[in-house]
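One chain comes next, on its own, written out as structure tokens in the form predicted on its own.
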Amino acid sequence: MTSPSAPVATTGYPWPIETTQLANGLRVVVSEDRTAPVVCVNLWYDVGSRHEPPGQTGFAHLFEHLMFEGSQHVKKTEHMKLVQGNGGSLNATTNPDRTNYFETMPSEHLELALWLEADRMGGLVPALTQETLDNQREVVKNERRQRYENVPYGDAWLRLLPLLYPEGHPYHHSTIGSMEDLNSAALDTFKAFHQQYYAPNNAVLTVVGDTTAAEVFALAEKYFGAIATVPDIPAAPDGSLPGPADKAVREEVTAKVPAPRIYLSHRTYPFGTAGYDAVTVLSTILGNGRGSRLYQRLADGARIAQPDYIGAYGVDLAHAPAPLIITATAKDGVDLQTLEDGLAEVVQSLIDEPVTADELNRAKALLTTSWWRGVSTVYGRADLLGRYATQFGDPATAADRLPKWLAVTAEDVTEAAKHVLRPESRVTLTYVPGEPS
């Protein structure tokens, strides 16, 4: 078998990008693509769990649900019916850094999508009732049970964040938040949260697909232009940290899980920095696919880890050192200590053993494929441009990411490993089968 050749650097984003800003502060990004008669409307709000003040954890995520429950001129559940009934699809997501809402529609219904988003930006609060709030609080509770509490290893993310980030840090708590906070907050508190953050001057509207910038700019002015600016939006708490942790931390969990599992995690660099680009390549070499070091040495080699439950990945957070998470699940008959020793040895190898040309080329080929797969749809491009406009101020800088990955050297990976993978900065979370105490 021949080794993969080194990928050739590209511009990363070959479609046109045009931008404007309305008088109320709404930034509008348009990328025209006439390939198919579809458009994606994607709205990024600069509000996530890192913005939540004490006593209001989980608010950003709850609003992801509430924004589909009706607004001033759209009845309860009608937003979804109008989009799907006109051949579109829609969804929303929340993470520590932001909340985004998006619809992919036949291009003839672009105006409908923009009207719907404008109505819930400027008209959700008048339609928000105690009944709707109570209903969606129950939905979030059920989501917590289904995704985190009642599945094996499901609460790993909830446990890792407080171990990685100190009390009071904006990444210390998860987006699902505290059920106590959600239950205790009054309707007026939720309304105030929406009025504070869901503002045109705290959002980026991105439209990609079968349209023109002139058409989108005119429609944005028509539907969003009258929504008032919100002055003095609170800045998120400072997430800066001096560097990697200087003391190892571990937590051991006995739970109803099918096999021992380990999560090793380290704080690295913020997404978008040269350091994090090196960590992205590092994590691909370490734990992405059958050619990775973890797979080759623990699944194929020592045969102590389950092939389908082994990997390494970064969590792309932009406003503090982002976490790198490395995980493995034991094969039948393998005890936790054997698995942990093997996992730690492979992680240490990235410091002690130089990255080979084959490993580096393979990682860059995988990242190139992932990049182009991500921008192969109008949704993927709209979300990417919205992200770079929101987090870095310029959607065009999205074109830089792939070339920067491809420019990472073997020496860069080794230096990143020496900086972030030190045992004294490691968070270790282990699960062993048994009855929870």
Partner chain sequence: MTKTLPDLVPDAELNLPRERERTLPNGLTVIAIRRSAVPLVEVRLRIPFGRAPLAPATLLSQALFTGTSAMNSIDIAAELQAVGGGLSAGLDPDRLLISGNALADGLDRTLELLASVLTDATYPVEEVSTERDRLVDHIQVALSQPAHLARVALLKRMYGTHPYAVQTPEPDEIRALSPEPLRDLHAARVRPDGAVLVLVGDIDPDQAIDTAEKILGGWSGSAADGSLPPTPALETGPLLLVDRPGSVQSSLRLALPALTRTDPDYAPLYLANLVFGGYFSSRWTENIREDKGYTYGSYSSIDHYVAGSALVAAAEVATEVTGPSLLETVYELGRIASLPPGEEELEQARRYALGTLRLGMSTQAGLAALAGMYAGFGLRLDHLREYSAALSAATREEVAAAAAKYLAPSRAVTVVLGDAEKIESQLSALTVVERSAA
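For clarity, every value in this text was computed on a predicted model and none was experimentally measured. Residue numbers count along the first chain shown, from 1.
In what follows, reference is made to the form predicted together with the partner chain, a form of this protein that is not presented.
With the partner omitted here, the stretch from 281-289, 264-272, 347-355, 238-246 that lies within 4.5 Å of the partner chain by heavy atoms in the predicted complex is 281-289. Though the partner is left out of this view, E149 does reach within 4.5 Å of the partner chain in the predicted complex, counting heavy atoms only. Within 4.5 Å of some heavy atom of the partner chain in the predicted complex lies at least one heavy atom of P37. A residue is said to contact a partner when one of its heavy atoms sits within 4.5 Å of a partner heavy atom; G168 fails this definition for the partner chain in the predicted complex, lying far away.
Within this chain, V125 is remote from the site of the partner chain in the predicted complex, having no heavy atom within 4.5 Å. Of the residues given (L366, L294, L317, I326), L366 alone sits with a heavy atom within 4.5 Å of the partner chain in the predicted complex. For the residues F217, Y313, W157, Y309, the 4.5 Å heavy atom test against the partner chain in the predicted complex is passed only by Y309. Within 4.5 Å of the partner chain in the predicted complex, a heavy atom is found for every one of G87, S107 and Q136.
Shown without its partner, the chain has E108, H109, E111, L112, W115, A118, D119, G122 in segment 108-129 as residues with a non-hydrogen atom within 4.5 angstroms of the partner chain in the predicted complex.
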